[in-house]
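Let's start with one chain on its own, the form predicted alone, as structure tokens.
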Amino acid sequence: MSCVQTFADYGFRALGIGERALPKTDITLCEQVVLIGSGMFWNIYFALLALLLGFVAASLVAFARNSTRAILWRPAAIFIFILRGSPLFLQFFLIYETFVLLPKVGFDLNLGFVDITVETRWLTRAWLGALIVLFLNTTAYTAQIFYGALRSVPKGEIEAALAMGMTPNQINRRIIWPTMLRLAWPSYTNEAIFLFHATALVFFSSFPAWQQKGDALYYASYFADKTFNPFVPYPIIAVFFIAFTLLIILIFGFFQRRLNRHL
């Protein structure tokens, strides 16, 4: 089988497209590269959505943590402390067990004028349950990064804005927010890289892959078991992660140059 045919058969298997049966004998290097590469779709999915959602949530948590009102900063501080203080793998386990305890057939939600049955089975699947865990984890770490940047915003800039008659909303939007991003961006780049690497833990977590649509480590582990040679599939997945890490650095470097284009 040529590499072109292998790609046609297995290039999108992780998404449920192509051959269902995995190769069991005479496994070639091309098959390992193609299937592990198809599994990277899920690693990218987890990292991309968790980063996008976590960026928005972390901004809100960071501003709440920086607030002078106890009703805002105390819950934010507790959330950051718990998520940063506990291991990510333990968070996978505890949240999975929490989702399992929910009724699998759903629970009734009474809205007063109508009863709605809310399904909960999908929470135990990797595509959503693991994403929620990664989202919460990166939100906590990013919020702490943003909070530290908020504390470092020069007071003189805020005082100058007040002297010019700018409203608090204008100050937050034009002074504090851009300055916070410029100060936090290098550390936030490291958090994005860490989160992308953390997607490999989904394979070891309790969240099952839906219809065998596993991530890259799922296929690397399969080939290591079938060929009894871990020194081929695991270096392949390492190369994929290194390549995507370089891509993250380039993308975040572009945004950093945009944030500092006035310098």
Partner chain sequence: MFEYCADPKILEGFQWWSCYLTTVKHMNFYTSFLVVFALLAATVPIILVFGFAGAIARRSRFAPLRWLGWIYTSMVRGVPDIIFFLFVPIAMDQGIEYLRHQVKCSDWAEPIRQGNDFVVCAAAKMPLSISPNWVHETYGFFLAALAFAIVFGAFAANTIHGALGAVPHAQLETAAAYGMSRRQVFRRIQLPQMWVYALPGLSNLWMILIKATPLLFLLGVEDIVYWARELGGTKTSRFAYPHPDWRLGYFLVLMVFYLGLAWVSEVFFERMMKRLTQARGMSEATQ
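Residue numbers count along the first chain shown, from 1. Source: prediction; values computed, not measured.
If you look for the form predicted in complex with the partner chain, you will not find it shown, but the lines that follow are about it.
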*asked:* Whether Ile237 contacts the partner chain in the predicted complex should be assessed with a 4.5 Å heavy atom distance threshold; does it?
replied: yes
*Non-hydrogen atom contact Phe93 with the partner chain in the predicted complex at 4.5 angstroms*: yes
*With heavy atoms only and a cut-off of 4.5 Å, decide whether Ile82 touches the partner chain in the predicted complex.*
yes
_in the predicted complex, does Ala209 come within 4.5 Å of the partner chain, counting heavy atoms only?_
no
*Answer range among 171-179, 156-164, 128-136, 188-196 for contact with the partner chain, defined in the predicted complex as heavy atoms within 4.5 Å*: 188-196
_Interface residues of 130-147 toward the partner chain, as seen in the predicted complex [heavy atoms, 4.5 Å]_ = Tyr141
